[in-house]
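Quick setup: one chain, the form predicted on its own, written in structure tokens, and binding and motion questions come after.
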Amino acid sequence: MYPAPIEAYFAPRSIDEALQCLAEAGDDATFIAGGMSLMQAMKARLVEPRVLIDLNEVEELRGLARGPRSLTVRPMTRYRELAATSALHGALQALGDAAATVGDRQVRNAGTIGGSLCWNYVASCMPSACLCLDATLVLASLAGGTRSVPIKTFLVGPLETARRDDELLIEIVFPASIRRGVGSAYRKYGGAVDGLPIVGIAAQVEVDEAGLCTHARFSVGGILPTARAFDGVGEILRGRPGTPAAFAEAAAAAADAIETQGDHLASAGYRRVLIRTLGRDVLAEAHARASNGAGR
């Protein structure tokens, strides 16, 4: 099937110009970033935008910037760039892990982190990784200036976010520890190497000088209605050494607490098994990175 006719196409070169195009086009406009998901939806006529606003010429929306205690990733940054940068090593390495496993080579070359978050497809890697890493999304509009939205509020449901129709995502801000002893990791399990995740899991672990866990975060993707975090992992691991038994206990608690669903890819029970086994391994990897001083 071919897309429905597109009446207008804009290629702005600045954020202000992009917002102006959006204001002029109104509800009939759609931003296109990498286009990996949007173009498929347009071909199937699941979405039929009258106006396309192409963000690929907006240099302000590309790249990374490190602050004293945060790392800002701009939304038009490609997966391949995230997978290759050393700026994510340590506390934010789960984001690089996730970017390296998104789709196939073509998708990683063209797809963007901002496009994935704004699309919020249930079986995608970026939402769960960003949820675990406690991202804050900065949105801009002509009428309201900018506002910051925590990732847990931004992710609403399948193909639904807190972004308003008149807003553009301009920054994704991650708290980045400048201390040693913080590590993170992400892994997915899918039916094919380059396939969408049946389950994708991210974990971030902080340890003290004795190797005891002081804080942990854990999130799961590939489940409805959207990626979800489980705070109980941090409560279980706090004050304990990084042992296989501790990681298995924490992952099992997450599997019991997080509601899963069955579909044509996997049953709900199988997803719970994956959360236990994959979650245990992801926690172990994050802990190993933290213990090796990757958070420096």
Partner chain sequence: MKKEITVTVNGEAITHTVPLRLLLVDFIRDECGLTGTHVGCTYEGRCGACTVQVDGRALKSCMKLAVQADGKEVTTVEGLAREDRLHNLQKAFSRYHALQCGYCTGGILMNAVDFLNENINPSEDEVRRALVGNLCRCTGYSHIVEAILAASAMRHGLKPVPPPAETEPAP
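Treat the numbers as computed from the prediction; the structure is a model and nothing was measured. Residue numbers count along the first chain shown, from 1.
Separately, the form predicted together with its partner chain exists; it is not shown, and the next lines address it.
Asks: For the chain shown here without its partner, which stretch in 26-34, 227-235, 66-74, 253-261 has non-hydrogen atoms within 4.5 angstroms of its partner chain in the predicted complex?
Replies: Only one stretch qualifies here: 26-34.
Asks: If you check in the predicted complex, is residue 215 within 4.5 Å of its partner chain, heavy atoms only?
Replies: Contact check for residue 215: no, nothing within 4.5 Å of its partner chain in the predicted complex.
Asks: Do residue 106 and its partner chain share at least one heavy atom pair within 4.5 Å in the predicted complex?
Replies: Because a heavy atom of residue 106 falls inside 4.5 Å of its partner chain in the predicted complex, the answer is yes.
Asks: Look up in the predicted complex whether residue 58 has a non-hydrogen atom within 4.5 angstroms of its partner chain, and give yes or no.
Replies: Flag for residue 58 set to no.
Asks: Under a 4.5 Å heavy atom criterion, is residue 152 part of the interface with its partner chain in the predicted complex?
Replies: Residue 152: no, not in contact with its partner chain in the predicted complex.
Asks: Going through 34-73 from first to last, which residues have a non-hydrogen atom within 4.5 Å of its partner chain in the predicted complex?
Replies: 34, 35, 36, 39, 40, 43, 44, 45, 52, 54, 56, 57 sit within 4.5 Å of the partner.
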